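Starting off, we have a lone chain in the form predicted on its own, written out as structure tokens.
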Amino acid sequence: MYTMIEIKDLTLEFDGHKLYDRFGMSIRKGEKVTLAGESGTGKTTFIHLLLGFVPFEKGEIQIMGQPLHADNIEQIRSSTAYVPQELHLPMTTAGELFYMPFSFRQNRARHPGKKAIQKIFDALGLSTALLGKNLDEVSGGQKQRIAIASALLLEKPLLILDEPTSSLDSRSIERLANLVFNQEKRTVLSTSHNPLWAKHADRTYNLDDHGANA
């Protein structure tokens, strides 16, 4: 089966601390993998590494068959939908948050219609009326789900979610997991220490067991 992410012999030091020493992992196309681990094991740093925000010292990383380096990082990013844990964006309404990814040139053709938006909002237990509200009227969990709904509607082959359950209650976690993990053609890499989320993944990879100090 086609490999979506392949990492071999990765060594990474961050802020004077070696996070990974000859680290390796492989994620197949369509697989749903969750990265777990205590704070400080480098879950978010790992995500930033795959997106080309953090350089690595030694090793090999391939994403969608492409080696990760400056020459093709834009191509890799254009095939990836990413939702960070913290959303720090210069916008005032929930509608701006939702529609922002579709404003980029490479995503304009993917602009969703009303039926698609209604369907995904229903699946997440959200009202589309939220899109007309100011962000300061919207809860953290609602913002998180609105951003993930937008990422799913981009229909990219790789979806990366950093701590997608951090602001959600158990019912919302189950709704989100049922939607995200049933995306058959999409590879999903998420970080989470929440057992309700992790139980839905094909594999949970505990970085406590695989980091430099393991």
Partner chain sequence: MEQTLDISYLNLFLGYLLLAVPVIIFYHFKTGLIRDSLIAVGRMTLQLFVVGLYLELLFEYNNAWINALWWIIMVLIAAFTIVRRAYLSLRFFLIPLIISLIISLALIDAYFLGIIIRLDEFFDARYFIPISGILLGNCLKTNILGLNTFYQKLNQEKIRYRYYLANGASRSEALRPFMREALKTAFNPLIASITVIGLISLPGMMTGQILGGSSPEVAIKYQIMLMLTIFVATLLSVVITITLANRFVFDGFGNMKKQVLKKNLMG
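Given the structure is predicted, the values throughout are model-derived calculations rather than measurements. Numbering follows the first chain given and starts at 1.
There is also a form predicted together with the partner chain; it is not shown, and the following applies to it.
When contacts are judged by a 4.5 Å heavy atom cut-off, Ile61 does not count as touching the partner chain in the predicted bound form. In the predicted bound form, at least one heavy atom of Ser103 sits within 4.5 Å of a heavy atom of the partner chain.
Contact check for Glu86: a heavy atom falls within 4.5 Å of the partner chain in the predicted bound form. For the chain shown alone, Arg108 is a contact residue for the partner chain in the predicted bound form, at least one non-hydrogen atom being within 4.5 angstroms. The candidate stretches are 176-184, 163-171, 29-37, 50-58, and the one lying within 4.5 Å of the partner chain in the predicted bound form by heavy atoms is 50-58. Using a 4.5 Å cut-off to the partner chain in the predicted bound form, each of His69, Pro90 and Lys156 places a heavy atom inside that distance. This chain is drawn without the partner chain; in the predicted bound form, the residue among Leu135, Ile117, Ile73, Leu131 with a heavy atom within 4.5 Å of it is Ile73.
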